[in-house]
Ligand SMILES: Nc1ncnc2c1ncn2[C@@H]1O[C@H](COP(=O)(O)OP(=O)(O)OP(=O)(O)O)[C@@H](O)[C@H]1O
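Shown next as structure tokens: one chain only, the form predicted on its own.
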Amino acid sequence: MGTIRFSGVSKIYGGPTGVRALENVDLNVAEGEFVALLGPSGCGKSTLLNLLAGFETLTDGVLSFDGTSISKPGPDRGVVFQEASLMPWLTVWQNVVFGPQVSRVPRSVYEPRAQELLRLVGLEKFHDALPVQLSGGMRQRVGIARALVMQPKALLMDEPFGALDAQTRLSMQELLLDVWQRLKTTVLFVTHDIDEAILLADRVCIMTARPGRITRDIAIDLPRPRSIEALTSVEFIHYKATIMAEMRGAHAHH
């Protein structure tokens, strides 16, 4: 359930002479694993996620989800982008249940699930609020609930906290840890924030500048359940030093 496999994946935009966004990417993500993709802006991290979401097609290689090639988007892969693209005319509740309704999920099935998710993300009191009445962090909470209500096997997150201020970002990281530790959905999380990657993930995969390749795959052996207290631990700082050196090295070789 929710296993991801990239094997020799390349992506070229605009024909053979075009832009090489990804080059020969190998990546396996096991069921229930939280993997962060870390790299500079424009290194193809989003492309990798878009291929997995089924929004784009690869040029070369093999990409499979649960052993099947990906041809299009599907409810088995939930996506959360940097901006929670909520429908502004719908309430929080209507936004969360929109997917199941369109997919003809019976109300008796999606209603308790949606209520539980709103509780998990701390938004029960905002059931009837419109997106315009919410802060950026709250809108992202709705976005996460909306992705999870479809019970996807994997959650694909593209810098979901990148637009938030530092304090909101920390509280969102804590929220995501809490939700993930309960649901154990497979997560592929794109970020350029080193602290965020180490705090959240089981593994941090470092990507080079374009064309993107994964140069290092670092297991993060910090105990779980984790909270933001981990950010100040000696082990954390050691991982950070290792990753910074690796990223500097990768940059220099380029």
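Here the structure is a predicted model, which is why all the values come from computation and not from measurement. Start at 1 with the first residue shown and count on from there.
We do not show the form predicted in complex with the named molecule, though everything after this point is about it.
Novice: Which of these stretches, 222-230, 35-43, 193-201, 58-66, has heavy atoms within 4.5 Å of the named molecule in the predicted bound form?
Specialist: Selected range: 35-43.
Novice: For residue 47, is any heavy atom within 4.5 Å of the named molecule in the predicted bound form, or not?
Specialist: Residue-level check for residue 47: yes, a contact with the named molecule.
Novice: Does the 4.5 Å heavy atom contact test between residue 9 and the named molecule in the predicted bound form come out positive?
Specialist: Contact with the named molecule, no.
Novice: Can you tell me whether residue 25 touches the named molecule? I mean in the predicted bound form, with a 4.5 angstroms heavy atom cut-off.
Specialist: No - in the predicted bound form, heavy atoms of residue 25 and the named molecule never come within 4.5 Å of each other.
Novice: Answer yes if any heavy atom of residue 216 is within 4.5 Å of a heavy atom of the named molecule in the predicted bound form; otherwise answer no.
Specialist: So residue 216 does not count as contacting the named molecule.
Novice: Is the named molecule in the predicted bound form near all of 81, 119 and 178, within 4.5 Å of a heavy atom of each?
Specialist: No.
Novice: With the partner left out here, which residues of 202-232 have a non-hydrogen atom within 4.5 Å of the named molecule in the predicted bound form?
Specialist: Heavy-atom contacts to the named molecule in the predicted bound form: only 210.
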